[in-house]
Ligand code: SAH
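So this first bit is one chain, no partners, the form predicted alone, shown in structure tokens.
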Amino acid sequence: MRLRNVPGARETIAEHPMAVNHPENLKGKWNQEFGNQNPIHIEIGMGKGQFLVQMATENPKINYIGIEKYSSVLIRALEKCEQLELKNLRFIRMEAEHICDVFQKDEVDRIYLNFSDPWPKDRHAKRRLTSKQFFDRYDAILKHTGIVEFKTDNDLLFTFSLEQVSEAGWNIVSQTWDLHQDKELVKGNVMTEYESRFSERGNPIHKLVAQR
């Protein structure tokens, strides 16, 4: 997917009250940022924010943080919030590799990975958000009972992810190759932009839930 540059996006993000410009300063202090002790859920690679905005709207007692590396994409998520008063939602523009610089051990309750970049070349496997290398990072910031949820329509990436969960020493709590036909896992499912698009095409959506 080719991303269009949005003039002034970085400047707009820097000035937006829901965007955190120096997230490393909040490591271990995110509950102070939100002003409560509610659970913290993060979405890595949040795209245009459809999933996260809806989750934050439906669950005011959970604090949500969206992470996205592209300014041109993150700006669209901020636009979705213009008419909403969501005190439980923040955004960070950064590379996913740096999450351990931003969150402290046991600070995060849940991580969402939705339709992540498959990085199809073998030499780029460690960049996939469901690689063992990334699960090691998740291990460093999640609470002991923390959960990772992953959705994709990519068969090869899903197979890879199932293998990596085991290799990382985690357990697969649940999995399905066709989420929308799974009566249990589909309960409460909130769709992303990609999920809506792929479902309309008839692509089955895969999902796994992993825990230590």
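From a predicted model like this one, the values you see are computed outputs, not experimental measurements. The first residue of the shown sequence is 1; numbering continues from there.
What follows is about the form predicted together with the named molecule, which we do not show.
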- Which of 177-185, 61-69, 157-165, 34-42 has heavy atoms within 4.5 Å of the named molecule in the model of the complex? 61-69
- Message: Only one of 95, 122, 101, 82 gets a heavy atom within 4.5 Å of the named molecule in the model of the complex. Which one?
- Response: 95
- Does the trio 46, 117 and 194 actually contact the named molecule in the model of the complex, every residue with a heavy atom within 4.5 Å? yes
- Query: Taking heavy atoms only, is residue 73 within 4.5 angstroms of the named molecule in the model of the complex?
  - Reply: yes
- Message: Can you work out whether residue 129 and the named molecule are in contact in the model of the complex, taking contact to mean some heavy atom pair no more than 4.5 Å apart?
- Response: yes
